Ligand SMILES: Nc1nc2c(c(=O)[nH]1)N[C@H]1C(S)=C(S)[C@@H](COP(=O)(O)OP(=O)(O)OC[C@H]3O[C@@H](n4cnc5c(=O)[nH]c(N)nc54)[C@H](O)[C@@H]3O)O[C@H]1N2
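Before any questions on binding or motion, here is one chain by itself as structure tokens, the form predicted alone.
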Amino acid sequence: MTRAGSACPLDCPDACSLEVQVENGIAIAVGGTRVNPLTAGYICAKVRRFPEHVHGPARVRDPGIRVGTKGEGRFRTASWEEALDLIASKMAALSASGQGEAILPVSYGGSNGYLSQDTTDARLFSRLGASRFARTVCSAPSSRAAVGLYGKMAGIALDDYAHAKLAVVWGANPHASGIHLLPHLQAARRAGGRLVVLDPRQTRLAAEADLHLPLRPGTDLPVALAVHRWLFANGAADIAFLEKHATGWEELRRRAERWTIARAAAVAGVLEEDLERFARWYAESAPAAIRCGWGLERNRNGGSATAAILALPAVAGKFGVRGGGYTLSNSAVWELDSLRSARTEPSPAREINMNRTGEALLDRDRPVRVLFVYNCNPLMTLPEQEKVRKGLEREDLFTVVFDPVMTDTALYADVVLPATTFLERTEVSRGYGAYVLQEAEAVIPPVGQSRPNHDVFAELCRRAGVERPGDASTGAELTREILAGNPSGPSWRASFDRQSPGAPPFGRNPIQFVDVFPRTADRRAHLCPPELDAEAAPSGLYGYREDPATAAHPLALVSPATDQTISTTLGELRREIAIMEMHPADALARGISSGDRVSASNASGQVSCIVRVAPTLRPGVVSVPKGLWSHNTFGGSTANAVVPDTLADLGGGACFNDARVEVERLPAG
């Protein structure tokens, strides 16, 4: 048995450094190391199960070509040559006839590695003239807010939360995702600090907090604006800081004026005294840190809510000390241009918003003819699931799914291609919470005939006739090209050679407005930027949009992350029927008891599972886990079946938490 170092590139802020036990070319166990200091020698339970994902029965080991009806998942084994020739010929024919837009690449965060996405794949689809795919299903509203206000300024390092006298965790659940924040929150509390959690559910962290605000989904915006109003009204706003370091604060103050503590508390469904206590604690505490998550952006008000939350440390004067300020995503600090080849050739092709993939697949006027899915499981992750399913069922749609395992989407493919996991290929990845950039070599040989993404897309470039002299294609060439996008790239390359992660120029523990400043043109915070105000029309930035509930569908359905999957990655390992949680008052009104089979439905579809009546969920809200596969529910549909494809106020983001449903008990059996 040998032990090899690796790094996790999956969609989590922590970017854990790993140790993999290998025996006879098989990954036996995965644990943590201290190469990334934040990992501190331990990792999440999800990635500890990764060997089951790599070597399990769901693994795609050979290319396959469909022989049955779409959805059955019956394929005959094919050679790579046959499969790639078939795919390349169909895409090249569409491109040559001026129909490149009929090709739709669908990808997201199945791997956040730099080599596995936005390299040779971007080159292929750009040169074919394929439709552009806006990856907006997560972080789009919050990214727009962070760019507009601060230019995506680097945030508080996660281990610096130990210094906070008040830690605010807003729309995040680190027990399920990003577990390495937890010991630093615990250290802060041991030193006398307070913890506030804002979440519709009483998560484990919320149960431990000094104050939990169980606000209604979609009401984070008025809550944040009420805190702003309280700060200005009670002399707790740092006017000197705002005059020196910010613009637009007077307009933010004006727009917050209508949101009294009493009004916001009523809209959010929280106690007025609790909301005022939160505002007072935030004003009085230094350092005060806000961990802003992504749960709060997944509704019609998501972008404005994130902007209002990120503006709080500027208004309250919480920057300039260790452990003071905010953290959202730190992905932008690396400034690595992994799309160089595609970005030099701007595409005039149409852009399709990811959240409306189902609509695009059913569009008869501008039909999609070739769908290429990789690093993604769209049937189980996108809104309006039944629209997506109907699109995948089209016999005139040629679908390719390139994935390590046979996903629910892959069952509808015409061609399946076996992809390597990060244990079987070289990968470069960065943390978007932890400040580390890591390169990890393959620790086991490819399972079956699986191949790395960048190799396959480079080969498709050749077969489709769009390869050009000098194209970077190998892992080493692509790594050099990616790192060349940042002046620190050569030093990072040297650190990789010493098995040490790269760090940003300011180090791994920056202090906001001391070591790092807004990446705006004037290095000031723009608290009401005109471009965001225009994008959020007609309500404008900070304009509250009312709850979409109706008498027929009064309950808000949320689909939070769990400690079992990373989006849907590893979902094949979770075999049990999912649990829907419901507040006792809502259950009593519907004659529902724990253990009943229930269905949550609206005009778009339904999801059926087993209910657990739980006071940990606020009234008016039901919860079905994120990351489910068809085998986790009765009938095969997940929470995505009831999620609308409406868009958030900024960034064209998803509105998962705007799903409004009615729940009924199903007959036993």
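Every value quoted in this text rests on a predicted model; they were computed, and no experiment measured them. Numbering starts at 1 and follows the sequence shown.
The form predicted in complex with the ligand is left out here; the points below concern that form.
> Name the residue from P313, G433, P560, P222 that puts a heavy atom within 4.5 Å of the ligand in the model of the complex.
Of the listed residues, the single hit is P560.
> Sort through G155, P404, G323, P105 and report the residue having a heavy atom within 4.5 Å of the ligand in the model of the complex.
Here the answer is residue option P404.
> Identify whether the ligand in the model of the complex is within 4.5 Å of every residue in the set T381, N453 and I566, based on non-hydrogen atoms.
Yes, the whole trio is in contact, each within 4.5 Å by some heavy atom.
> Using a 4.5 Å heavy atom cut-off, which stretch among 277-285, 232-240, 404-412, 253-261 contacts the ligand in the model of the complex?
That would be 404-412.
> Report whether the minimum heavy atom distance between R201 and the ligand in the model of the complex is within 4.5 Å.
R201 belongs to the contact set for the ligand.
> Taking heavy atoms and a 4.5 Å cut-off, does N299 contact the ligand in the model of the complex?
Looking in the model of the complex, residue contacts with the ligand include N299, since a heavy atom lies within 4.5 Å.
> With the partner left out here, check for me: in the model of the complex, does some heavy atom of R425 sit within 4.5 Å of the ligand?
Residue-level check for R425: yes, a contact with the ligand.
> Although the ligand is absent from this view, report whether A472 comes within 4.5 Å of it in the model of the complex, heavy atoms only.
No, A472 is distant from the partner.
> Quick one: which residues from 254-278 get a non-hydrogen atom within 4.5 Å of the ligand in the model of the complex?
Read in sequence order, no residue approaches the ligand (within 4.5 Å, in the model of the complex).
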